[in-house]
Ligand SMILES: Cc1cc2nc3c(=O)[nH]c(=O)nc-3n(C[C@H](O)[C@H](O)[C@H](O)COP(=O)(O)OP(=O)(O)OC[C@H]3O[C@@H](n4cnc5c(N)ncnc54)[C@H](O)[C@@H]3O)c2cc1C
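Read the single chain below, which is given as structure tokens and is the form predicted on its own.
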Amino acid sequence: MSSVNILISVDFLEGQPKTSSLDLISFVRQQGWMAHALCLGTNKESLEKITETGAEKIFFHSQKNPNPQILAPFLYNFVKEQKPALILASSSQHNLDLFPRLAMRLKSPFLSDCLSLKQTEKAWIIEKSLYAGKCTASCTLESSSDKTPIILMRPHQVQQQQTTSQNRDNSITELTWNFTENDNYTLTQKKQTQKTKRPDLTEAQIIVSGGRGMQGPEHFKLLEDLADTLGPQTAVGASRAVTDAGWCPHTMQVGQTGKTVSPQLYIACGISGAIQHLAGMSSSRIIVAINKDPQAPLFQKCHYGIVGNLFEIIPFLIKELKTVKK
């Protein structure tokens, strides 16, 4: 095991660690680095899946306080004490708000929406998406520097792998942190969660998304039916045009100003494929486009394309899938 220690900030959803964070811990251990997991806003009972990843050290704090202005100075002191070689987290909306503030305090390099990470003898090599996914850049950071780089990875760019020799002898430490709210650190935004039986878009293995081609909010029931047929790991998303029109809540938006997703299968229904939408889903393993316009830009990016009326194609797909399942 290498002496290089990586601090992974773990995201939680409804009391459980997100798959994207577990992927990062697994990736770090596959590289032979030491994985130190930082779990904020959760209790010790929620750490079971973290311990199963074999992380050498686990730090947690049960106080739920998402205010990045308060978290940043706390993390500054923590990082100064632990001195990790690198900080790794997912490019979630919360982390994109929090970690630039921490990087500024630490005077450390910061990169978001990264696609890969590797280490050479003297440097970190990071591949990063640029210009809404139009191109990528390779960035080199000296690993001998006294600055701790902060890298936010695009979710699911690395995958968990089962190991036969997991380290179960974890060191679990509860962090002490006393803070008081004041007028300068008031959180003006409130987090709203929508009760749904479906997985979060960033966690889903399959996503069915609809665009303006759905012609109205009432037709999204068709996508719900397709998602039900595909299974419980399927989420329903939407393009920005749809959420801006009020057909769907913004929590369903996939794209540059919405959520970045990397499912195994992405089915785009009635979505032309503007660059802003592609930026949020182009790293999907398999992309299927259904559109009546053969010139839709998404047909240039998809793996499989179906030109035709989606109101005829989707019911046909549902019927065929149900037949296969019998």
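Start at 1 with the first residue shown and count on from there. For clarity, every value in this text was computed on a predicted model and none was experimentally measured.
FYI, the form predicted in complex with the ligand isn't displayed, but the following is about it.
Using a 4.5 angstroms threshold between heavy atoms, Ile287 stays clear of the ligand in the predicted bound form.
At the 4.5 Å threshold, heavy atoms of Asp293 reach the ligand in the predicted bound form.
Looking at Thr51, you'd find every heavy atom of it more than 4.5 angstroms from the ligand in the predicted bound form. Although the partner is absent here, Gly211 lies within 4.5 Å of the ligand in the predicted bound form, judged by heavy atoms. The stretch that touches the ligand in the predicted bound form, counting heavy atoms within 4.5 Å, is 253-261, out of 66-74, 253-261, 35-43, 51-59. Annotation for 293-312: interface residues with the ligand in the predicted bound form are Asp293, Ala296, Gly308, Asn309, Leu310, Phe311 [heavy atom within 4.5 Å].
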